[in-house]
Structures are given as structure tokens and as C-alpha cells.
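In C-alpha cells, one chain follows: the form predicted alone.
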Amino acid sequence: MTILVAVRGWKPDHWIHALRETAPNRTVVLPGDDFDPSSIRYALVWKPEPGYLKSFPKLEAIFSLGAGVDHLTTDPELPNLPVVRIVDPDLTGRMTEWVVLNVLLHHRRHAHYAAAQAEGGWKPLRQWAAGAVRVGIMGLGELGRDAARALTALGFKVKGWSRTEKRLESVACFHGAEGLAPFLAQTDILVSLLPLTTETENLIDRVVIDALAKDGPLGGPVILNAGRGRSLVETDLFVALQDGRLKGASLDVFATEPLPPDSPLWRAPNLFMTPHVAAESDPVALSRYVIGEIVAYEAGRPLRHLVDRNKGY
């Protein structure tokens, strides 16, 4: 049974090699190859052209090669087939690394020390204990839960917010519209790992920024976004960094990628940026995951981590 790999924005060579190594008895093809469309049973995709997947009449399942699935759910011609999210320890661990790194960069005031080093200055600041800092995580799926556990282990006071009610050991959980304001009021460092839906698009705006805690030890709130770029209003973030309402930010995702050269974010103060690499997919680890799911499915077991079309994730 043939597997199609259709990706935009990066080269699929490593994926093709990893899949063929993992499943040498299966045929793996790219969109430009010569193959019979009716031979395709599974598609591994990232940002395929809208409507492209409907051209495979015997397609049985679609795998999203990334944490987000909005590149598929926004396709009005997406076939009514199972869409599988990648939930793998490798991907989850990489995201947690990024979250912990950037929480610590702001907690330990690294921008100040980097600037002092560049100037040849010895400028110590007071260092607060992790227990004095309140970290709020928006989005308590697999990624959010793992990041919360890691930050809790470091001693941070961790809270979580999600669309529906969730429970997590040692984490105060809030949910829904009624839980957002009290959650924000108790948050010094806001971490967004939200999926992109109609409810989360542009959710983190000036109102949310102004609702964050102002009495924390860092001198003001900080925002981290590694979920989806369009969950954040970038102009509101930039203005808040400029006027000091935000003490800092870290962004891995953006409304437009690559970030345009004329974006004001390039010159925003105390902003750390990475080019959508927080949870970069590892072809070897995720190929094993995908092939494992396919083998289980063909043995009669249900596919796991299916996307709910109504929720958008």
C-alpha cells in the first residue's frame, strides 16, 4: 500500500529515507513522482495545496506532520477521512525544551546580561527563586501538560487554562470564558500552546495583555507563544513591548512565515524569536510512530489521536 508524502516549506528527503528504512515493504512517493492516484492509501502532509487530497479516491487516513492541524482543517475540500495528529514523546519533549528554555531566559533576565556582556559591563540584578514566579499555560493538551510538569518540577507556580475543564496534578486549572480573567490575573509568564480555531484566533490581544499580573517579581508580564501564530495579535504585542506593559516575549510561530523583513517584531525590545523550530519534527522518530499507527490500523485497531473536525484540533 502506497504512502504519499506531501509537504510545503521544507525538503522531504529525510522523511522519504526514514519511511523507507522503517517500512521497506511499502512504496513511498512524492507529489511529482509517477504513480497511480488510486494506489495511495495514506498521506503524510504538511500544508498541502487546498483540495489536493481529494484527488486520491482510495485514501484511508491523513497524518499531519506537525503539532498543528489548522493547515488541514481550513481546507474546504478536505476529504471526510480520519486526520491523525502526531503525538510522540520526541515531539512533546522538544516543545517542553523550548518552553522551559524561554521561561528561564526571562526568569533569569538573560536579555539584560547579554546586553551587559556586549557592553563589557558587570551589572548584576536580583535573582528571584522559581517559586516566586507564576507561569500560566494556555492549552492543556499533550504539549501543555508535559510543559506544566517540567516547570512544576523546577519549582515554578504553574496554572493552566483550557477551553474545557481539565485536571492536572499540582496545577491550578481554569477553563472557559469565565476562567480566563482570574487565570490571567495570576500569571507572570504566559505560555500559549493553543491550537488555532475560530475561538483562539487573535485571542491574545491588548485586552489579554492588560489583564496579566502586574505585581510579579519580574517587574511586568512576559508572553511566550509556540502554539499558532494567528492566536496572537502581533501589533498589540509589539506596542506593549515598546511601552513597557510587557517586560519581554518569546515567539516561535507567526501569523506570516517566514516573518516578513518589514515586520516591527524584528526591532521589538526584549523579544527572543525562533523560526518555528520549537518542536521540529524528527523524521526517524515520527516515521516509526506513523508506521506503527498504520500497522495497528491494518490489524483492526482504531487510529489514535484523531482530530475532531468540530473542535478543529
Ligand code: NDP
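Residue positions are given as counts along the sequence shown, with the first one as 1. Since the structure is predicted, the reported quantities are computational estimates derived from the model, not experimental observations.
Heads up, the form predicted together with the named molecule isn't pictured, but that's what we're talking about next.
Contact with the named molecule, judged by heavy atoms within 4.5 Å in the model of the complex, is confined among 65 to 73, 51 to 59, 241 to 249, 261 to 269 to 65 to 73.
Checked against the named molecule in the model of the complex, the candidates 97, 210, 142, 236 yield a single residue with a heavy atom inside 4.5 Å, and that residue is 142. With the partner removed from view, the residue among 232, 135, 226, 222 that has a non-hydrogen atom within 4.5 Å of the named molecule in the model of the complex turns out to be 226. For the marked spot (103, 182 and 186), a heavy atom within 4.5 Å of the named molecule in the model of the complex is absent from each of the three residues. Residue 193 belongs to the set of residues with a heavy atom inside 4.5 Å of the named molecule in the model of the complex. Within this chain, residue 199 lines the site of the named molecule in the model of the complex, having a heavy atom no more than 4.5 Å away. Among residues of the shown chain, residue 117 is not one whose heavy atoms approach the named molecule to within 4.5 Å in the model of the complex. In the model of the complex, the named molecule lies farther than 4.5 Å from every heavy atom of residue 108. In sequence order, 85, 91, 95 are the residues of 80 to 117 having a heavy atom within 4.5 Å of the named molecule in the model of the complex; the partner itself is omitted from this view.
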